[in-house]
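Two forms of a single protein chain come next, each set out by itself as structure tokens; they are called structure 1 and structure 2.
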Structure 1
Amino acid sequence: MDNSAKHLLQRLVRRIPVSMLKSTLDKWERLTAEKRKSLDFTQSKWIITQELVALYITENPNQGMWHTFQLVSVKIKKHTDQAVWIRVAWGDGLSSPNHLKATYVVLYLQTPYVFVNALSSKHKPLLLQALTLSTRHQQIKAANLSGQKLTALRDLLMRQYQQVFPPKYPSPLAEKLRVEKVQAEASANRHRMARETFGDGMLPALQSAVFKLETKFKGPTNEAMTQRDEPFICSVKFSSSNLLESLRHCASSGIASTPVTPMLSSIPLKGRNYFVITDNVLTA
């Protein structure tokens, strides 16, 4: 929920009489019955608005921009398979906490991953330090994964989608695909390679992937560029409403060559969507 939507919700609640607020939320049907029962309508409208914003975001997490961080520890922890939602309202000595511009943190206790929404650069060091200390990890680092859909980021990192792994020693194509036409054989091969890379079921709806090139220019036709000490730098960004699904379609339909290049296959294999490419090295 962006700031404009929060302010709109605040104005709407302000105009609705207290006696009609509960029935209006029941008709809205955006919150579960359990969430609606948790609201205390004897409180002020300001407090109710803050609670509504928090409840709506927890019920509808696929909005805004989420950034992923990875906690680093030398200990193995075992926890339940439930997510912990944390809302942080920032304030200082001169102003009270602003609950309408809160930061949301989702921590999956059985994993080292933390998902953060609406975090400013000013408050980022404070939050990361608090997370590191409170979870008793040694440090926290950026996981180079971001997107608008929290569920897609979670499913990608936790491999919660159907995957098909290639056999360790694949047999020749002729032994697997006995078809009469060369076109059908090639099509079956493309689909197989696409499935081996991206799986066979629904994929997390990742919106983008960025590849940054930092390498020396190589080419005999341009000595001026070849003799430069500074690396050649450029960035390529792939965007789609569902990037992994688009890449799988390109591979299976023949738009992209197969087998899928290691750069693109690294997105689902490494759970990243930001990569830096140096001389013969692909890093996340």
Structure 2
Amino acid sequence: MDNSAKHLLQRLVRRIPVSMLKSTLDKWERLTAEKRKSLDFTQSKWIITQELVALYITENPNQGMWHTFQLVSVKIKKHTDQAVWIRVAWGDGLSSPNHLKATYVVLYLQTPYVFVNALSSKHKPLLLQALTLSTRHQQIKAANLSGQKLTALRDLLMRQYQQVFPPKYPSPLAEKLRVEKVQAEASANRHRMARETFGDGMLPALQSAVFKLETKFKGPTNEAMTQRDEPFICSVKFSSSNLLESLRHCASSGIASTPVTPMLSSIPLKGRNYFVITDNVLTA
């Protein structure tokens, strides 16, 4: 919800007389009955507006930019499978909390992952410290996974999308394919490996992946460059409306050679979309 929409909502709520507020919302039918019940109309209109905005953002989590953090601890607590939403409005010694520029935090209690939206660098250390302490973990670190769609980030990390595992015994269909032409076999292999690497059906909609490369130059025919000691510094960004589907199609069509390189398969396997690559190790 952008600022102009928030202001509009605020002004609307102010204009509507308190006595008519509840019936207006009932007639509007935009919120479910139980959500309407959860609103306390004895509170000030200002607080009611904030609760409406919070309800909206909870229902529409695929806006803004979400960053993922991972809580670090020896113990992992298991709770029921429900997300905890936290809204934080920041103020300081001179001003009261700004509810229009609130930070949203989503915790999935059965995992060590926390998703954060709209957090300024000033408040970041405070929030991270508070999260670590309140969840009784020891440390929190960036998980190098960012995107606009909270649901996609969540699905990627929880692997809540259709995965394909190689069968233990070849099916009769696979047996039949081996007898067919080499091209058909190669194509089928590519499709299979593409699906095994990235998954089947609808994939979580990541928009981009960034690789910072600090490796030595790799080129088969260029002696001068391959003998160079210094790294060849470059960066590669892959972007798409659905990056994982694009990469899967690259693999199945042969544009990306199969088996898919760990550089690309790390995106779904590790649930990350930011990498720094040096010569020996895929570092954080």
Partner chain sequence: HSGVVKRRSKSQSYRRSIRTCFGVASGLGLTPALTARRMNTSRKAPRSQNITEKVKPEHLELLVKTEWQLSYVTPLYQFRHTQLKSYSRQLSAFIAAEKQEGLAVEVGGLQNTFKVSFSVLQGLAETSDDPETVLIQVQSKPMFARQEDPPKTVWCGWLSCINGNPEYLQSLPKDFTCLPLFCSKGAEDLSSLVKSWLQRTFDCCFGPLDINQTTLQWLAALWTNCHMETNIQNLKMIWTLPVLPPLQVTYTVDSDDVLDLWRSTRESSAEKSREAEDEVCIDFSEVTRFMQGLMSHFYRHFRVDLSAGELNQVSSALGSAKVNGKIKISSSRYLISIFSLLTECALLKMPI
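Reference numbering: structure 1, starting with residue 1. Keep in mind it's a predicted model, so treat the numbers as computed, not measured. Rigid core (definition): largest C-alpha set, two forms, superposition within 1.5 Å.
Practice task
Name the structure that matches the description of the form predicted alone.
Solution key: It is the first structure that is the form predicted alone.
Practice task
For residue 244, state whether the C-alpha moves by 2 Å or more between structure 1 and structure 2 after rigid core superposition.
Solution key: The answer is no; the displacement is under 2 Å.
Practice task
Align both forms on the core first, then report whether residue 22 has a C-alpha shift of 2 Å or more between structure 1 and structure 2.
Solution key: Yes, the C-alpha moves 2 Å or more.
Problem - Core superposition between structure 1 and structure 2, C-alpha change of residue 230 at least 2 Å - result: Yes: residue 230 shifts by at least 2 Å between structure 1 and structure 2.
Handout entry: Cα displacement of residue 34 between structure 1 and structure 2, core-superposed (Å)
Key = Its C-alpha position differs by 2.8 Å.
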